[in-house]
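Shown next as structure tokens: one chain only, the form predicted on its own.
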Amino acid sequence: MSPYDPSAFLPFAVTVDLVVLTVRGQGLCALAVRRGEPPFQGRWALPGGFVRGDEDLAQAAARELAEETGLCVQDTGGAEAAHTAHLEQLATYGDPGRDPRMRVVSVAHLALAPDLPAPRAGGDAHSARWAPVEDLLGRDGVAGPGGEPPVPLAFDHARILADGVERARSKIEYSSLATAFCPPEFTVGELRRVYEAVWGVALDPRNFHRKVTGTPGFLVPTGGTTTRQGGRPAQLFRAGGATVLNPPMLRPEI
């Protein structure tokens, strides 16, 4: 057997790109940053960057998010942070021409959290903002907040974002992931609005209440009530221990 020769293989870089989703104003929004450096300088993109030699992928994802936006989204098993979120690997993207600088393989991550603050640009990002996913994935691309003409997301980020949105839409059917968009205590109405925002459909309130409260382990009553949505006091719940919903919450056909 021939000895291993590292020089026989072309070098390549590894990056992390982040699909960060939250519900704002009854709609599903994703975090977008405007690139401050080439390539695609001035174009909107997903937050992310190169993995350092001394960190794993999850650490790189959390670091890049904090550097480029000022947000602290960490794995639920990590240390305490100002803002915690569900974080999972989404997919790997390795088209040879996806980055004009060199061969770059990106390991995308999906992060979901409630009530994330207004982002603050940093690192190599010129600015950052929350944008409705339908705008970011529109046929003509995304327009700037100042009325600039729409342009596509940089790199292959439109594909990565679309994959992340579909992952979220499909997983809330059969898992308790929708509660990641909610505060620690929430009402059934608030949870319903999460499903409506992620799926982009209106749901019947009574049927939804019957399904989620009748699914074993999905929701646990806290014993408290709230009037923060107006009207009569609504019962508060927290996420139960179930990770798989049986029966599943099937997505309505549009």
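Numbers for residues come from their place in the sequence shown, where the first is 1. Bear in mind the structure is a predicted one, so any value in this text is a computation, not a measurement.
The form predicted in complex with the DNA is left out here; the points below concern that form.
Student: Out of 186 to 194, 45 to 53, 58 to 66, 32 to 40, where are the residues with a heavy atom within 4.5 Å of the DNA in the predicted bound form?
Tutor: Only one stretch qualifies here: 186 to 194.
Student: Would G241 sit within 4.5 Å of the DNA in the predicted bound form, counting heavy atoms only?
Tutor: Judged by the heavy-atom cut-off of 4.5 Å, G241 is well away from the DNA in the predicted bound form.
Student: Residue-level question: is V14 within 4.5 Å of the DNA in the predicted bound form, judged on heavy atoms?
Tutor: Residue-level check for V14: no, no contact with the DNA.
Student: Using 4.5 Å between non-hydrogen atoms, is Q229 touching the DNA in the predicted bound form?
Tutor: Because a heavy atom of Q229 falls inside 4.5 Å of the DNA in the predicted bound form, the answer is yes.
Student: May I ask you to state whether N207 is within 4.5 Å of the DNA in the predicted bound form, using heavy atom distances?
Tutor: Flag for N207 set to yes.
Student: Given a 4.5 Å distance limit between heavy atoms, list every residue of 168 to 182 close to the DNA in the predicted bound form, or none if there are none.
Tutor: The stretch does not touch the partner at all.
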